[in-house]
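This document opens with one chain alone, in structure tokens, the form predicted alone.
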């Protein structure tokens, strides 16, 4: 079980709708169960520097089956995952905007969003996940 291109398009459409509502152009990435990129959209005006960040957030969320916001909370000094962002060749993202995609209780992919504040990225990622 994994995310299909059709699934990814639904997730991206829901995320784009939310990004438009808040007036913040975003990069939105969707990965499958193996962490492989299925689809990516860079909305007009979204930062080019956020392309790779959105993909990394999606990959991280699937790699650890956790939102990047929660992983970030647990990777602060004195927390159990402190330093995790230095693993996997620096690909691990520990800030808001990556959300797992689950089907029948199993994580089958993830969405990653970058281009705004952490709060904006998170709300758009959650909207995308709700569209799954």
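Numbering follows the first chain given and starts at 1. In this text, all values refer to a predicted model and were calculated from it rather than measured experimentally.
Keep in mind that the form predicted in complex with another copy of the chain is missing from the display, and what follows is about it.
Undergrad: I'd like to check something about residue 105: if you look in the model of the complex, is any of its heavy atoms closer than or equal to 4.5 Å to a heavy atom of another copy of the chain?
TA: Because no heavy atom of residue 105 falls inside 4.5 Å of another copy of the chain in the model of the complex, the answer is no.
Undergrad: Determine whether any heavy atom of residue 32 comes within 4.5 Å of a heavy atom of another copy of the chain in the model of the complex, and answer yes or no.
TA: Output for residue 32 is yes: heavy atoms within 4.5 Å of another copy of the chain.
Undergrad: Is residue 130 near another copy of the chain? Define near as a heavy atom within 4.5 Å, in the model of the complex.
TA: No, residue 130 sits far enough from another copy of the chain in the model of the complex that none of its heavy atoms falls within 4.5 Å.
Undergrad: Does the 4.5 Å heavy atom contact test between residue 19 and another copy of the chain in the model of the complex come out positive?
TA: Residue 19: no contact with another copy of the chain in the model of the complex.
Undergrad: Residue by residue through 18-50, tell me which have a non-hydrogen atom within 4.5 angstroms of another copy of the chain in the model of the complex.
TA: 32, 33, 34, 35, 36, 37, 38, 39, 40, 41, 42, 43, 44, 48 sit within 4.5 Å of the partner.
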